[in-house]
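One chain comes next, on its own, written out as structure tokens in the form predicted alone.
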């Protein structure tokens, strides 16, 4: 339910959120579950791209962190720890694939070995008490395919892998079903703060709201400057990764983490929720905030690291390489602030831990808004949590579900054989609350074209199904 329009006829939202990445979607979900003055809070979620989670959020290591290695006492530390609890609980009813595989930090020299007890103590300072130091023999008992030379390790049994794509989509889907307006392809151009409302000028028109939330990720500093501030600068940090074939999965039962140094967290080896194995990321500061290309130097660096970490992994087939960008800043913590005069909440500098912390960041955002006198209470008329289609390999999928196929034969008609994606799953994605508008969006919802052949065999058929659906949506006026 919306408030009446202004005298000019324009609708005024209570809150407009800029950026539909993992954090923006989580904030939209949280705010759309509230009411003010006896009516639902009206929320707009603006995104420059054509889909949710289509920038930083779509390309990361997809680890659900315990927060054991965060800097104690920081906002990031608190929100990662709380976020892990919230997202772990939310994932089950929402159908977000999560696997608790655990992690082992491996020490390869005396300096790293000496650092392990300090890391264990740091974990305790962060509220995580389940870490355990192990010797070299135990390291190899857990990781028999590890390269030679490991001296010891630190086990963090509660580190998990998760599907970041499904997480962002679940948050956004729930927000929309609660009544939030998702405004795709609304790239922010100007911000005009008035006495009572703020006017956002975008490439697709104007949006007016009483409060503004900056969850713009890689563009958060630029948006902050549109409001007259100069508090931080985002430096895009490119991380390249290699994805190995599913046959490599037997080599890796845990996330294999390096011991962090002053130079960074280093390269890890991790199973993925889709049944593959991932090696990476690199860490390179660049200038172009859109450059997600992979490089020859990055590939060579990862191959060299991988050969030392797990030589057998390099004998496996590579399915894909990709790169993601992280919103690094000059600050060692998240950059979060609320400006009462401008009715403006900044959620900036959210690094790769933002996936884990997302629900806690949203919870914190509500607390900050409440501190400025926005008296909201939880709504009583909320729809149930949406159940997302499972695209994780550790859980039953439609092609193997005889009962489901008996009820709907399309779940037995495979269109992507590498990933065993069925026509029924593609159909469901196209008919969902937030349907894909391109092939990449469909890939993130179904895993189609993600396998060994990278769409060589199924690409034409999947593209045809998408094009037919987009045609129908355009004809009916429902295209985004």
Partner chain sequence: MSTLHADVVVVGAGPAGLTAARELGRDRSVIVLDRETHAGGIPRHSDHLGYGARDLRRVTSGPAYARRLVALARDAGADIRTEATATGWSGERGLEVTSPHGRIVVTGGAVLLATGARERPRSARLVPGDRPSGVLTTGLLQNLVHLQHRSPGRRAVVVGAELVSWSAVLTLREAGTETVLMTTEHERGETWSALRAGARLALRVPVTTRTQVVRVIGKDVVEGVEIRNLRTGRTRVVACDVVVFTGDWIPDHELVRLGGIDLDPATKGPRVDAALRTSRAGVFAVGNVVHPVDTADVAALDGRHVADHVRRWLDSGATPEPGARIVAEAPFRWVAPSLLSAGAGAPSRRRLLLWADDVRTVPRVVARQDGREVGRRSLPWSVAPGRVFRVPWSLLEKADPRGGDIGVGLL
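Positions refer to the first chain, counted from 1. This is a predicted model, so every value here is computed, not measured.
Omitted from view is the form predicted together with the partner chain, to which the following refers.
J.: What stretch, of 22-30, 65-73, 407-415, 38-46, brings heavy atoms to within 4.5 Å of the partner chain in the predicted bound form?
T.: One stretch meets the cut-off, namely 407-415.
J.: Which residue, 232, 399, 108, 140, is the contact with the partner chain in the predicted bound form, using a 4.5 Å heavy atom cutoff?
T.: So the residue touching the partner chain in the predicted bound form, by this definition, is 399.
J.: Quick one: from 367, 332, 317, 187, grab the residue that has a heavy atom within 4.5 Å of the partner chain in the predicted bound form.
T.: So the residue touching the partner chain in the predicted bound form, by this definition, is 317.
J.: Can you tell me whether residue 464 touches the partner chain? I mean in the predicted bound form, with a 4.5 angstroms heavy atom cut-off.
T.: Yes.
J.: Could you confirm whether residue 287 comes within 4.5 Å of the partner chain in the predicted bound form, counting heavy atoms only?
T.: Looking in the predicted bound form, residue contacts with the partner chain do not include residue 287, since no heavy atom lies within 4.5 Å.
J.: Does residue 453 reach the partner chain in the predicted bound form if we count a contact as any heavy atom within 4.5 Å?
T.: Because a heavy atom of residue 453 falls inside 4.5 Å of the partner chain in the predicted bound form, the answer is yes.
J.: Would residue 420 count as touching the partner chain in the predicted bound form under a 4.5 Å heavy atom rule?
T.: Yes, residue 420 is a contact residue.
J.: Relative to the partner chain in the predicted bound form, which residues of 280-296 have a heavy atom no more than 4.5 Å away?
T.: Heavy-atom contacts within 4.5 Å come from 290, 291, 292, 293, 294, 295, 296.
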